[in-house]
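Alright, here's a single protein chain in two forms, structure 1 and structure 2, each given by itself as structure tokens.
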Structure 1
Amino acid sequence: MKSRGLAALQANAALTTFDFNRRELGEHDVNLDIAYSGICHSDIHQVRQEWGPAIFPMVPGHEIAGTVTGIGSSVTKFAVGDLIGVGVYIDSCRTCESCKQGLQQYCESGMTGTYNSLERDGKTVAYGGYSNNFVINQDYAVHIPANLSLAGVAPLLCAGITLYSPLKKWGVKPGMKIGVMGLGGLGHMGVKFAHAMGAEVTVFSHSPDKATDALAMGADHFVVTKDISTLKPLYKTFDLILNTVSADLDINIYLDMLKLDGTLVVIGLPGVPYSVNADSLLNGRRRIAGSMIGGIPELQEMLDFCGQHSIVSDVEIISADYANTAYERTVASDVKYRFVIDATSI
């Protein structure tokens, strides 16, 4: 199938228009026309090889919202015309313990990424969502509630699920005190979900100008992190802190803000190791955990939750020729709060 996308032809290269072929529709596949594709900071990390060697040319994009245009002969989950979402992976082994539990993101042989990855045949390069169309096995795509704006839904496919999943895993409920570090694409979804689940939400941000937005999204408190001494009164007050910061930082200060048995969940992936003070862990029996996106059943659950609570991402819709500028602005923490490419402009 002929596709047109935006690609980095080599590491660190600017995104340019790129024509390529996707596989033809298979028996269990669905074709879709992409309407919107979100720009995740993970796209930038990979184009810049901040996580190690990557596959080029790379068509990034794993926050895909569109409409089904064709279905394979055995497809029962979707019909032509349905709204459809595709997230961070397009396949997995389907047989390991993780896959059997619906936790395909933790597939023991590795999930097949939506891009910067080889499909399960070990040779077909997977090209992502900065493009006009897509083909995917029906089991790895989800339904989008019709009452939500499609542009605002696209970022839910990664940013949304990545924050929804740990909030569910750690049992967030009314009365709990939750911290969200970084008010970017992921962080702002964490604020919206934690608020909808009834928690008291504090945003930790190094961008003072985001305060009004954070409170409008449902945060109860906004803390500027530039002056560490202002954080002292918050020591030992949080049940759960979600770290969505894309850059390296001192996480010990945040560990010290956890209550007895509190958990700091690492979500941001700066590509360098964190250093941890043993004292900050021991004192309060604190934990550091990690969380990566979510499984397919939870992805659908999250979208249904968004449909019920009218939750979408705050987006800035851009055309393809703005994507390189959007990368620079994202790295500069100047995104309010997710760039979404209008795929018709590619």
Structure 2
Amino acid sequence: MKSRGLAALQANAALTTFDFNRRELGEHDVNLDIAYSGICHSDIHQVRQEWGPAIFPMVPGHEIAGTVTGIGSSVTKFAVGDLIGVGVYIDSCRTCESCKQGLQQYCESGMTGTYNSLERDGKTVAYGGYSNNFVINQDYAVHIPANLSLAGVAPLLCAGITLYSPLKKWGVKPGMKIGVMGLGGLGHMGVKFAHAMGAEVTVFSHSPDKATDALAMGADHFVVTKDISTLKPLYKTFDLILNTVSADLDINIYLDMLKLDGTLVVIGLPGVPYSVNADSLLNGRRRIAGSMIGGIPELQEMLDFCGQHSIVSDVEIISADYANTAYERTVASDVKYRFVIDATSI
């Protein structure tokens, strides 16, 4: 299938227009025209080869929203014209215990990334969503509710599920006190979801100018973290804290804010390991946990939840020729709160 996308032709290269071929429509595949593709900070890390050796040319993008344009002969999940979403991975082994449980993101042999990976045949390069079209096995795509803006939906396929999954895993209920560290592309989705689940939400941020946005998204409280002493009155307050921050910080301060049996979930990827004081864990039977995106069933559940509560990501829609500038602004945390590429401009 003839395709056109934005690609980094080598590590650290600027994104440029790139023509390539996707695989032909298979028996269980669907074709889609991409409407919008979100820019995730992990796209930048991989284009700049900051997470190890990468495959070039690279077409990034794993927050994909579009419309089905063709289906394989055995497809039953989708019909032409359906709104469709594709997230962080496009396949997995399907046979391990994780895959059988619908937790494909934890596939024991490794999930197949939407880009910067080889498909399960071991030779076909996976090209991502900064493109005009896509082809995917029906089992690894999800339905998008018709009442949601496709531009706002695109980041839900990564940023959205990354925050929804831990909130569901740790059983957030009305009245629970939830802390969200950071109000960026990830954190703002945590605020929206936790609020919709009935929790009392506190945002921790080093940016005072984000307070108005946080409260508008559903946060009940906004705490500026520049002066750590302001956090002491909050010790032993929270049932769950979601850490979406990628910067190095003193994690013990936030552990101390957990109630008995509280959990701090690490979602962001700091550049260096955290130094944890055992006393911060022992004094309250507290836990540090991690969480990574979600399985296909949970991805669909999340989108259905968004449809019911009219939740989408806050986005800045850009044309393809602005993508390199958007990368620089993303690194500088200068976006409210996710860039989304209009795929018709590619």
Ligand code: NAP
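If you superpose the two forms and keep the largest set of C-alpha atoms that fall within 1.5 Å, you have the rigid core. All residue numbers here refer to structure 1's sequence, counted from 1. This one's a predicted model, so the numbers in the text were calculated from it and none came from an experiment.
Student: Of structures 1 and 2, which is the form predicted in complex with this ligand?
Tutor: Structure 1, which is the form predicted in complex with this ligand, differs in this respect from structure 2.
Student: Superposing on the rigid core, does the Cα of G271 end up 2 Å or more away between structure 1 and structure 2?
Tutor: Comparing the forms between structure 1 and structure 2, which are aligned on their rigid core, G271 does shift its C-alpha by 2 Å or more.
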